[in-house]
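This document opens with one chain alone, in structure tokens, the form predicted on its own.
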Amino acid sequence: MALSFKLLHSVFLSSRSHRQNALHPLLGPLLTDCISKLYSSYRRPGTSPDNTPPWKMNFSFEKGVDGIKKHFGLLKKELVNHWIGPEGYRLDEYMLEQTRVVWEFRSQKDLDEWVVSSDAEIGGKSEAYLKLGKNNQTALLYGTLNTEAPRDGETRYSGYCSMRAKLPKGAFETKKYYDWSNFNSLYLRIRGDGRPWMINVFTDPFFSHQKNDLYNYFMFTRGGPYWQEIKIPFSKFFLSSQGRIQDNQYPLWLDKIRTVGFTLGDKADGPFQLEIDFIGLLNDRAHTEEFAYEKYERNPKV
């Protein structure tokens, strides 16, 4: 009996290297707790590890049936969109498109496409919330920033709040990307309180060690009651990894966009708020810059 449990445990752990297995989308709704523990590898310093045996799983047959229906519905939608044209647009519309609204906030369903986090995940005291604005026409991100580091003996810095769009997924949990190659600028309509924010764009990594790579640029809010429209060319985004700007800079891969996010970490304790009307794309023909930063060889040939 013990040998069978050991074999089951080894098979379960070996599935970590096969996350794209076709059975995972079907079994995922059935094994909700198990799969969530499998994918989350972070553990707060000072907390004991979760040693729950892998064979103690909570099955949910009803969620499994709903998940299968959902994935077949997504598959049907993808086939129809592929028949119509790129990303569901007719070819002439896709080629001549100048602007596109990617995210707008008009209902709770639109807010459910985003994830809000803060340093509370690592034991910090910052708080962040997301709700619909007045008249249910905007998204309001608000909360309190607190730079006090948790007393766990390992974490030295704290004080951030963020908001990130969920990763797009296709039928049966296949990877999907946003193709923004027809545009050259990010266009937003926001209203802030004067704090500086960091806009983060995550692309699909070519190698596994690039999983922490992000493209960043700053967004400065004016404060006050007036809305501001911000246009940021994609050529201005710089490459960073784990919060450090990289020496080698490369242009943003516009055909492999995974998600977009906003981060506040200006080290100023106190309340904050950011109201967003929409997040869109713009093809500014007056902007001809390909990349704003110098690209050089670190080891030039002699």
Partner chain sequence: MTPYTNMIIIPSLIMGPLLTISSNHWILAWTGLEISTLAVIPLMAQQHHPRAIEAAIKYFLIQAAASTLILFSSITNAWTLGQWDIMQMSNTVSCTILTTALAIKLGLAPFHFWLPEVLQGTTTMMAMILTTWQKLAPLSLLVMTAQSLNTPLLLMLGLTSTIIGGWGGLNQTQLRKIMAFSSIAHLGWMITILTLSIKLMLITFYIYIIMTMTMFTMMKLLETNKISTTMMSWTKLPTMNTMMMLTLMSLAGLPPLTGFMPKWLILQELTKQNMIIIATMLALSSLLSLFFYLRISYYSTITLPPNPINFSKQWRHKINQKPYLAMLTTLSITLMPITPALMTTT
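Computed from a predicted structure; not experimentally measured. Positions refer to the first chain, counted from 1.
Below, we refer to the form predicted together with its partner chain, which is not included among the displayed structures.
S.K.: Okay, which stretch from 164 to 172, 223 to 231, 202 to 210, 100 to 108 lines its partner chain in the model of the complex, with non-hydrogen atoms inside 4.5 Å?
M.R.: Within 4.5 Å of the partner lies stretch 202 to 210.
S.K.: To verify the annotation, which of these, E154, D179, E148, E113, has a non-hydrogen atom within 4.5 Å of its partner chain in the model of the complex?
M.R.: Result of the distance check: D179.
S.K.: Should the three residues L96, L239 and Y250 be counted as contacting its partner chain in the model of the complex, with contact defined as a heavy atom within 4.5 Å for each?
M.R.: All of them do, each having a heavy atom within 4.5 Å of the partner.
S.K.: I'd like to know if H82 sits close to its partner chain in the model of the complex, meaning any non-hydrogen atom pair within 4.5 angstroms.
M.R.: Yes, H82 is a contact residue.
S.K.: Can you work out whether E62 and its partner chain are in contact in the model of the complex, taking contact to mean some heavy atom pair no more than 4.5 Å apart?
M.R.: Judged by the heavy-atom cut-off of 4.5 Å, E62 is well away from its partner chain in the model of the complex.
S.K.: Are any of the heavy atoms in Y215 no more than 4.5 Å from a heavy atom of its partner chain in the model of the complex?
M.R.: Yes, contact at 4.5 Å.
S.K.: Any of the heavy atoms of G73 lying within 4.5 Å of its partner chain in the model of the complex?
M.R.: Answer no; every heavy atom of G73 is more than 4.5 Å from its partner chain in the model of the complex.
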